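Encoded as structure tokens, the following chain is the form predicted on its own, with no partner shown.
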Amino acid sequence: MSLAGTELPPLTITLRREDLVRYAGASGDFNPIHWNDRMAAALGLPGVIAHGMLTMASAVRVVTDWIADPADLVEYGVRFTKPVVVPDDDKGATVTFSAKVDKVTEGLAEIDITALAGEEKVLGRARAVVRVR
């Protein structure tokens, strides 16, 4: 059975300001663009934005939720194309991740990941490589 073309189950998350505060504490990244509207606006951003690494880590969950053993993830990389703007309200920002197996060679599957915040694609060239058995 060929895995090429397989679409992984999508994952939708909601990021709220409190999530950014928790991530800042865990990562040590207290840059004010992740919590202060005034600072974000002063730097030309559309609002407070989620940490890029938080978005990246959330995106790979669509793959690690699908594979039997997360240790089978052997490579992962993304290019950041747009920030995830997180409003100061109870709704937060919804980000949907989807993924599709592009090809399988020599026991490795290359999986392309798409991340959408609303209608905006926020990651470009997001790809994971996993061991398949």
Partner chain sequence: MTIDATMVGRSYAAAESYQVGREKIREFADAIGDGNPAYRGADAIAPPTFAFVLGSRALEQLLNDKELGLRLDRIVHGAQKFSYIRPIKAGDDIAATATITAVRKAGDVEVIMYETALTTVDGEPIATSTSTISHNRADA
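Quick caveat, the model's predicted, so the values are computed rather than measured. Residue numbers count along the first chain shown, from 1.
Although not depicted, the form predicted in complex with its partner chain is the subject of the following passage.
- By the criterion of a heavy atom within 4.5 Å, residue 22 is counted among the residues contacting its partner chain in the model of the complex.
- Using a 4.5 Å cutoff between non-hydrogen atoms, residue 46 does not count as a contact of its partner chain in the model of the complex.
- In the model of the complex, residue 88 stays away from its partner chain, with no heavy atom inside 4.5 Å.
- Contact check for residue 54: a non-hydrogen atom falls within 4.5 Å of its partner chain in the model of the complex.
- Taking its partner chain as positioned in the model of the complex, none of the residues of 88-108 brings a heavy atom within 4.5 Å of it.
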